[in-house]
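Shown here is one chain on its own, the form predicted alone, set out as structure tokens.
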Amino acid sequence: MDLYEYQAKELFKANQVPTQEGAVVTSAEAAKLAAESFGGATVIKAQVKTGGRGKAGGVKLANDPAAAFTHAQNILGLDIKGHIVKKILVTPAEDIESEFYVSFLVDRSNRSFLCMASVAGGIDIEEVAAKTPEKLAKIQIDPLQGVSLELALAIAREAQIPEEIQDATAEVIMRLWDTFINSDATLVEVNPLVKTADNRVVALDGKVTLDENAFFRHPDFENYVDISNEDPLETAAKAKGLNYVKLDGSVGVIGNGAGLVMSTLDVVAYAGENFGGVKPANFLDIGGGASAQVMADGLEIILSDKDVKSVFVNVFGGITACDAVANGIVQAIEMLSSKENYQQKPIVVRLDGNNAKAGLEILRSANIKNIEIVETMDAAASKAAELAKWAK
């Protein structure tokens, strides 16, 4: 889970990383009051979980509270790469002398941790790596040894940090490592880490990605969850414990097992080329041991999507027996059809594997008009795409 900047800075403070005071507000008037309380110039920063805020007009310097009000008005509601700004962070402006970059991340290719640091901060690290790779230090971190003061100093030197602030920067690097480990993060990034005119080293920005699989160790991290910018269907699916991702197509997809669902998305997209470019509308994996209730919950989510014109249920029975899947489909239709806003949509079903014969018999006996049984995956994908193409 990605954090907003202000949340990342809360973690920094908890781990003694030097950063700024700030006020998170949701209105221009509140931004003005925050600027008045800080005195002097302030920075108005859009809070979105994506990069490129500055280039998109989401970061502005305000010389006085009136300017803070104006900038906040312009930034709130701004669309930055599909993220609508609903919160802004107001911080005191710093007198910046130089900018650096430091991050810790999971190095999956080497099954280890990696520190990246650079004297060229304030710009995209990809740009630094491409144009001036000699300015980007990459240091493998032994998970069992961690980051000592000696190693932190070596990182600062290799990153070409000025000698007069290497000690202070090394302290920050150690604290960022603590943040990374203590939070079970997969990424902790500061860009820029700045040297101020009065020789302080400050984390001016922060980006943190937390591993949701470790949330059982951090119950307080639930406070970081923000559903205001999430798709409502994804939020509803998460509440039901479903592995669901909304896409931009019109064929709803349900399968058991991530590999099968990914293959189904490809097959639907390929078949859809014959029907004007029809695409899958979602990823939904009901898992290897899903019950009939899980099947019903998944179908309810997909049928609630106004963009879905047809549904393709593709199940290979293993741990999940096909008769349980069939019962789930029947239960879902019965449940949804009793709701006032239910819209009937064609459902193409392909069942194979464990108890497939029994599952197909359950569906045939139910005699649900909008369900069509197709034997093969390719033929079922083609039928679902065709139905989506001609649906009203």
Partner chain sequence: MAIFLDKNSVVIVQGMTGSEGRKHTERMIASGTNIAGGVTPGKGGQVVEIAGAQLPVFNSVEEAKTQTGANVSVVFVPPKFAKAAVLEAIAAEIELCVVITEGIPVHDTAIFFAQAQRSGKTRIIGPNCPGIISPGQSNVGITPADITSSGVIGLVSKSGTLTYQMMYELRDLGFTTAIGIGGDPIVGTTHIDALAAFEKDPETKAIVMIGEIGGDAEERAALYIKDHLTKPVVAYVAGFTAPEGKTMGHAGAIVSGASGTAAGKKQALEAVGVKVGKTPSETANLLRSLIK
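As the structure is a computational prediction, the values presented were derived from the model and not from experiment. Numbering follows the first chain given and starts at 1.
The next section is about a form of this same protein that is not shown, the form predicted together with its partner chain.
In summary, the region of this chain contacting its partner chain in the predicted bound form, judged by heavy atoms within 4.5 Å and restricted to 303-311, 191-199, 152-160, 176-184, corresponds to 176-184. Annotation: in the predicted bound form, residues 40, 90 and 133 none come within 4.5 Å of its partner chain through any heavy atom. Its partner chain in the predicted bound form is not approached by residue 169, whose heavy atoms all lie more than 4.5 angstroms from it. By the criterion of a heavy atom within 4.5 Å, residue 21 is excluded from the residues contacting its partner chain in the predicted bound form.
Using a 4.5 Å cutoff between non-hydrogen atoms, residue 245 counts as a contact of its partner chain in the predicted bound form. Not displayed here, its partner chain is kept clear of residue 275 by more than 4.5 Å at the level of heavy atoms in the predicted bound form. Between the options 258, 84, 239, 225, the residue in contact with its partner chain in the predicted bound form by a heavy atom within 4.5 angstroms is 258. Checking 267, 120, 78, 137 for any heavy atom within 4.5 Å of its partner chain in the predicted bound form turns up a single hit: 267. Along 95-123, residues 106, 108, 109, 110, 111, 112, 113 each place a heavy atom within 4.5 Å of its partner chain in the predicted bound form.
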